[in-house]
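This document opens with one chain alone, in structure tokens, the form predicted alone.
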């Protein structure tokens, strides 16, 4: 496989998990709750999924692929559960949403690192802060994968990539074609109008934040399987913040955000392939991995003034105000 094809394959494997996290951020912010906690949601969700995967692989005869799907489901539930803390602080107690998100991220790192070490020491006799995961199988689409260059899109695909595409379509439909989606968007644009029409602003926001956590957890679990082959504190490497940046550049819309995430994924993979092409020492790899973050800074210069967040994003809802 040449460098360009490897860049496409690896770029999709990173860009799609990034997209599902950004999609979670969109659901939260479209409902009116500012969400800087994607990093913490994806880390805690991945922790729950990785713990389940580790236990199942050691204690049951289940195959690695069944365990993968169960781990992703557990990551969704774990991320949603952890996100309920952010929802409770911001919606029930009207806490500052930016501060809450930052605290959720810091707490996620400390809590999951502690729990991973304690669980490993208690169950496995090894106080490591890592859960080692089995590698996921990859497949290629016959005929299409043989197309030069573009065939890389259909080659060495992780199963979760297909799952993310399906979820992306489903949640696009949920956002723009359902009653719940209409309420969600109204909650972030004009919550008083939603309340006057009989909608429940607080419930809509609470469910949206929990969905955000669940989707972020899926993204974290997919990154653990594809990039790291383990769960460890290295899951908190700024991927959540990169997903937030993609959401902003996508102007809080699902389709543009998808393409921004793919662009970031290709940039990251391209940096790594460039390092290989130049035959540089492995110590330069981390330098090339900064390319998506440098691109984020550059894009901020051109797009920051064009961003239009939901009008009520970050504003606690007070039923008495009009």
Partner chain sequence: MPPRGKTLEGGRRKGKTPRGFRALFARILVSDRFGHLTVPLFCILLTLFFSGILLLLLGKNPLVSFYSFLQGSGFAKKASYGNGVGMLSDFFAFLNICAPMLLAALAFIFGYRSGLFNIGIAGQMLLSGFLATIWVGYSDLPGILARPLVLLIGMGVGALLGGCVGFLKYRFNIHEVVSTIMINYIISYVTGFYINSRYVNQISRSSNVCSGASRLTFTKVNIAGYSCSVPLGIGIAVLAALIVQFILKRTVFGFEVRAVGSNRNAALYSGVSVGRQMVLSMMISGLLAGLAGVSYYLGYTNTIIPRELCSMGYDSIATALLGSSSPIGAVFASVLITIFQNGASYMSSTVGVAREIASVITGVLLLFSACGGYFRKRAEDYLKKLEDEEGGEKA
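On a predicted model such as this, the values are computed, not experimentally measured, just so you know. Numbering follows the first chain given and starts at 1.
This next part talks about the form predicted together with its partner chain, which is not shown.
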Considering its partner chain in the predicted complex, which of 98, 150, 162, 193 comes within 4.5 Å of it through any heavy atom? 98
Which one of 244, 80, 184, 87 is close to its partner chain in the predicted complex, taking close to mean a heavy atom within 4.5 Å? 244
Check whether residue 253 has any heavy atom within 4.5 Å of a heavy atom of its partner chain in the predicted complex, and answer yes or no. no
Does residue 102 reach its partner chain in the predicted complex if we count a contact as any heavy atom within 4.5 Å? yes
Is it the case that residue 273, even though its partner is missing from this view, gets within 4.5 Å of its partner chain in the predicted complex, heavy atoms only? no
Examine residue 230 and determine whether its closest non-hydrogen atom to its partner chain in the predicted complex is within 4.5 angstroms. no
To test your reading of this chain, name the stretch in 69-77, 219-227, 117-125, 204-212 whose heavy atoms come within 4.5 Å of its partner chain in the predicted complex. 117-125
Identify whether its partner chain in the predicted complex is within 4.5 Å of every residue in the set 93, 236 and 248, based on non-hydrogen atoms. yes
Can you tell me which bits of 19-39 touch its partner chain in the predicted complex, meaning any heavy atom within 4.5 Å? 36, 39
